[in-house]
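Next comes just one chain, in structure tokens: the form predicted alone.
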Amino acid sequence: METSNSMSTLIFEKSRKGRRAYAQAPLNPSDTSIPESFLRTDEPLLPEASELQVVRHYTRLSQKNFSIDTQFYPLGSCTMKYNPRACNSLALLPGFTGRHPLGPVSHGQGFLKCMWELQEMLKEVTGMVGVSLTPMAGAQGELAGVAMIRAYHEEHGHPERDEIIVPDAAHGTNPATATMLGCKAVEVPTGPDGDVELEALKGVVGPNTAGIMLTNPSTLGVFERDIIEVERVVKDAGGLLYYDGANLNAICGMVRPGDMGFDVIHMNLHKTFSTPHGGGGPGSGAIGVGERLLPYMPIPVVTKTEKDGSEWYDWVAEDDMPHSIGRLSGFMGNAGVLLRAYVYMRMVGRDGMRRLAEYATLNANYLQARLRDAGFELAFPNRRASHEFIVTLKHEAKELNLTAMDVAKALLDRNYHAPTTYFPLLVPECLLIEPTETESKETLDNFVDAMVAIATEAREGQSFKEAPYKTPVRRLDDVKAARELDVRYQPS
């Protein structure tokens, strides 16, 4: 019979003195080579529970989690879509997992061939002339991109070019990356229709311009209609264009950043190309470059040649690329994520890639239209959505005391994960919603019903200030949690 605390979220509350899970105990706990001076003299504060209790406890906790396997997860700018299990299964084949990264190249020809083909497919999708798979995350891909821009200007005798232009709707990592590399982030505003203000852009470019960091479609959920003019203004000033690939899911197979004039792009392979993400990883921020930045790519890069009449795959490293910005990871990137991306792209093919973007865009525009017709205000009502769009609850907040955070918490009670809240910051009471291409019409309709129900109940006097009501953990004091973080269990 289960104890009364069977549904507790703390394993410590199941603890009983002397209870053990012996199957996991060390064979000889007294056999240690650790010097005695480093051994503790008091018992560690650890829970004492049986193996079955531990299994049940953590299984129940996992069932309480919101996940893409169990709930609609419309996080804007994050592409939380369903990913085929086949990608994971094939990436875990013994021939891949058993390969040691320090083994000879001759023992990894199959893996290297996959990586070379992945580079080629990513070049085709982005319109770039070179791809490096080594960055371990999107943020590290950004770091590589700006580092290459800096290296380019320094080698061409312009070290004074240290200003990176960033739209006010950009991801926060953009100005952070520029600052980390010793650049100055120069903000340029977006207009009421969501496009970059061209006159403002012309006013900030100059002899110190290194480049611009731009997401297209932007985090406002719209495609930059003046992208060719943006390219001309920046390049006429001597700058380069960096493409933040966070929203690549919207345009794959339809339009290519290279054709828009970008010099470098990072791709979130863990978002656009199949690996589930969240909780800090795993990730991969592969980068693509144009001709001007080709010599500066991070190493190693996979190359294909011929040896003894057969295809031969090898690494291009320091001796072959003396102008490279160097290595960003111990070997060549996150092999598991790269393999998943490779399998995914081979599965969907060239036509499938375009179809994915079309359905992502279709779902976003359908959901946007349904919410508009239900009475919600769109941030950019005259623009078509890309793969995501913004609803502003500024009127609900003023008239009903119903904020974006209240709606986000109320959605949890209705078994939906919340959209992205309060980003971009320039839209008041912002919900950034991305349905992705993998959701059905029924799911989108049910989400609209949930949004309408929340607004209706608010108009009838229902307060959602204490929501969520049904989750194991209720609404937290975010400020207190951030300032007074306490993650260590203390017995009462």
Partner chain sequence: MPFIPHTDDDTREMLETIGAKSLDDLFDEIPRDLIIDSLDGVPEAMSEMAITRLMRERARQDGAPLCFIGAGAYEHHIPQAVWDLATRGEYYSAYTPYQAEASQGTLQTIYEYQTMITELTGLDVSNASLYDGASALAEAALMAVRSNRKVKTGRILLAPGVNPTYEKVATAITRTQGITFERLPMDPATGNAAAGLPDGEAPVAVAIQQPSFPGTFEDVDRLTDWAHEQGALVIAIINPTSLALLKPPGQWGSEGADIAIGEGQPLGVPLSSGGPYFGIMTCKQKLVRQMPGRIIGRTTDLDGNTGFALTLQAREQHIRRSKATSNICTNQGLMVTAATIYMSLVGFHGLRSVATRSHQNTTRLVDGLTGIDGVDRLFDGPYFHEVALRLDRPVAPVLEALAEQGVLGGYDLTSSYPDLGNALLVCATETKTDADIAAYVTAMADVMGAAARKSA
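Rigid core (definition): largest C-alpha set, two forms, superposition within 1.5 Å. Positions refer to the first chain, counted from 1. Note that the structure is a prediction, hence the values are computed from the model and not measured.
The same protein also exists as the form predicted together with its partner chain; that form is not shown, yet it is the one meant from here on.
Partner contact region in the model of the complex: 101-109, out of 101-109, 286-294, 198-206, 389-397, criterion any non-hydrogen atom within 4.5 Å of its partner chain. The single contact residue among V230, L133, V337, I164, judged by any heavy atom lying within 4.5 Å of its partner chain in the model of the complex, is V337. Residues P47, S62 and E154 are all found to lie within 4.5 Å of its partner chain in the model of the complex, as judged by heavy atom distances.
Contact annotation for D351: at least one heavy atom lies within 4.5 Å of its partner chain in the model of the complex.
Using a 4.5 angstroms limit between non-hydrogen atoms, E51 touches its partner chain in the model of the complex. Not displayed here, its partner chain is kept clear of D320 by more than 4.5 Å at the level of heavy atoms in the model of the complex.
Contact check for F223: a non-hydrogen atom falls within 4.5 Å of its partner chain in the model of the complex. Applying a 4.5 Å heavy atom cutoff to its partner chain in the model of the complex picks out H57, Y58, T59, L61, S62, Q63, K64, N65, F66, S67, I68, D69, T70, Y73, L75, C78, M80, Y82 from 57-82, in order along the sequence.
With the core held fixed, the Cα of L426 is displaced between the shown form and the other one by less than 2 Å. Relative to the superposed core, A49 undergoes a C-alpha shift of no less than 2 Å between the shown form and the other one. After superposition on the rigid core, the Cα of K480 moves by 2 Å or more between the shown form and the other one.
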